[in-house]
Every structure is written in C-alpha cells, then in structure tokens.
Ligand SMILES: C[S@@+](CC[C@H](N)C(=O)[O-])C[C@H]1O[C@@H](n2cnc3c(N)ncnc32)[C@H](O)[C@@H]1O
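In structure tokens, one chain follows: the form predicted on its own.
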Amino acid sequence: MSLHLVATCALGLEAVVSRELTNLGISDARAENGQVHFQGGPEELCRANMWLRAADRVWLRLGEFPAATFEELFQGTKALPWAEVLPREARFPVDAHVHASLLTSLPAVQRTVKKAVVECLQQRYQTAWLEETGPTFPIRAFLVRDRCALMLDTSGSGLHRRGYHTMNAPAPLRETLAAALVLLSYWRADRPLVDPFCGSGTIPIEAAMIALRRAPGLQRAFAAESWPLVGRKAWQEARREADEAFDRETTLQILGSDVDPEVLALARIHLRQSGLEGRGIHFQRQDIADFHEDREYGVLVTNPPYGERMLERRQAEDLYATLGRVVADLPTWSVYVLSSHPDFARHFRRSISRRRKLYNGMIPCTLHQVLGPPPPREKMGVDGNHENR
C-alpha cells in the first residue's frame, strides 16, 4: 500500500525535515513551502510520526482539485476514495485553512466538505445514517489560490508535544524548532553543548534526545493509532524499534543556564519528565556576563530574548553585546544564535559565518552561525562541512 504523506513544518525547516526522512530510509521526499511530501506505507507513516523532530504534523493526503466554487469543492471532495480510508463508524471532524481564494468562509467550506464526505460514505456503505462513534479521522481542507488539498491528520496533537514539556515559561521555544537548531548545528554527543539562555530547558533536552537516539514520539499517542488502514502491528513495530534504538548508557556534556530561578525549576521538572535525569544534562542559575568555559570545541546553541515579548529592545541589545564578548573567549567553539532583531549582528560584534532564515511561530528570525574549527582528527562530511561543527 502506497500512501501520499506530507510532513508540515515551519518555513525554513523543509531541508531539515527532508534530511530526517532520508535518515529514516525515505529517499523520495519533495520539499515545498512548509511541506515535505513523501510516499510510504503504514510503516513509514508510523516511523515518521515516531521520529520526526522538526516537523509539526504528518498528514495523509487524499487528493487535490480546483475549487473556485462551492459546487467544485463539493464534487471534488465527493470524488475522492473516502471509503478506502474511513470505516463505516468513523468520526471525521472537518477543519479548513483558506488563503487567497474566492471561497473565504471557513464554516461554509467545512460544511461543504463534511456534506460531500457524508454522501460518499452513505453511498458506499448503503446507509442513510452514519453513527460516527468509531475512531477519529481529522480532515483538513487546505484551500489555497482556488485549489483544495484534502488531508487526514495522522498525528493528532502537534508533534512538538513530546510528553515532557507540561509547564510553559514566558515566550517558550517550541520543541520542533529547538530540535531543528540542534540538528542544524552538526553537534554530536562527544562534544559539550551549552545554552546560556535556556529558559525552561527545551534546547538542552532536545539535544539530549537527539544524542541518545530517544525518539520524540515514544511517550505520546497519535491519531492514526486507531485507524484500521494503518493497523496495530505497524505501531507496535515502530515503538519496538524506537525503544531498542534508545541509548541508555552514554553520558552527555550538556549545560543550560539562565538568570531566572523559576524557569530553571521548570527546566528541571521537564528533564525529570523526559526520563533523561542522570545522563549529563545540568541546569544552573547564571548571568550571561558571568559565563565562562574552559572546555574546547564545544557548541553553543541558544535563543536569547528578542526584545519583543519579554524584554525591552535596549535590554536585549545589551544581552547580544555581552554574548558577543563571551563568544570572543571561545575561539574553538561553534555558536548558533536565533534572533528576530534586525541589527543583531551590529550588537553582537562577531564575525558571522552563515545566516539562515527561520520562523519562531509567526516571528521571522535569523539563525546566526559562527563556525569554529573542527576538533583534531575530525573528518569532513559528505557535503564538505565539518561533521562536528
């Protein structure tokens, strides 16, 4: 069985998600804005949900068609093979996203899609009434520029919900973006990693999960777990593989620091809930001005305050300048700083090797990268980059 699957993600992370899929043995991924399309069966659907760290959700795409009128929307929806996916007792709530289209009413779009699916199933199952008492198949209509793509949400709650992050600090960094920052850093488990603005601990914990091959979906449930189309066996196998891959031996060198004792308390709670206590992840209270490191060839990954939601802009700029002075004393380290400030580089005052456009929620940001030298005897990666930068 070949399914058209779509992993959605924040803009700028398509290449990261594509690389994750490649590492899962899925080589035909095709990226576009905020989406990565790939083919697979139930096993790939389960594995993608279990392992993707930077994706928001995994969708099963049913089809796409022109929908400039409600009649086109109705007929295009009804023509899709719903009965091949939805059992007779299925519950199928409909949601919609509309952009740059003639059909602008979300409730009307949702009602039209719902009615079309109902009529399709009624004809297929030869019944006048659908109970909708069985497993849930969330339907999303993506109506963009008068074309409608209909998808089923296989994930349920967003993939950023790993199960450990139950208490939020102000301006939290979503787990998917935190994992992407670590994946973009080329950090590996044998090197120190530091986040001097760690907040509630998301970057250090996501880094530890990556290094220890801890599947981000191991502690949670997914919408498609009850779907006959996928089956229990595929989910059981995906969980077995994830459990066997988890490295329960390695001790890491990960430090998160912050000036706020309350968010550090949350970070320690999240670490305990992640099941990674005692694996070399530490949190401490420290001002960035007091930061010092004697270790070499480490990696600093951080998301300092932007001056938009937490601090006044001038305070944020002072923090950037202090961070720049700290980085000057770390000549062998690689540094990755996410910021939305348009003049970050001017205040940071360090030579920036690369810049990458990303989004933190709806906030456009830049990942500023200062690439240090590779550790001694380190090999070059296949793309010409040092593997452990």
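Values in this document were obtained by computation on a predicted structure and should not be read as measured data. We number the residues from 1 along the sequence you see.
Below: the form predicted in complex with the named molecule, not depicted.
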request  = Please state whether all three residues 199, 263 and 288 have a non-hydrogen atom within 4.5 angstroms of the named molecule in the model of the complex.
outcome  = yes
task = Heavy atom within 4.5 Å of the named molecule in the model of the complex: which of 134, 172, 192, 76 fits that? Just give me the one.
result = 172
query = Using a 4.5 Å cut on heavy atoms, which of 223, 242, 80, 319 is close to the named molecule in the model of the complex?
reply = 319
The named molecule contact at residue 156 in the model of the complex, heavy atom, 4.5 Å = no
query = Are any of the heavy atoms in residue 112 no more than 4.5 Å from a heavy atom of the named molecule in the model of the complex?
reply = no
message = Residue-level contact is defined here as any heavy atom of the residue lying within 4.5 Å of the named molecule in the model of the complex; does residue 303 satisfy this criterion?
response = yes
ask   = At the 4.5 Å heavy atom threshold, is residue 102 in contact with the named molecule in the model of the complex?
value = no
note = Only one of 92-100, 215-223, 231-239, 172-180 has residues with a heavy atom within 4.5 Å of the named molecule in the model of the complex, and that stretch is 172-180
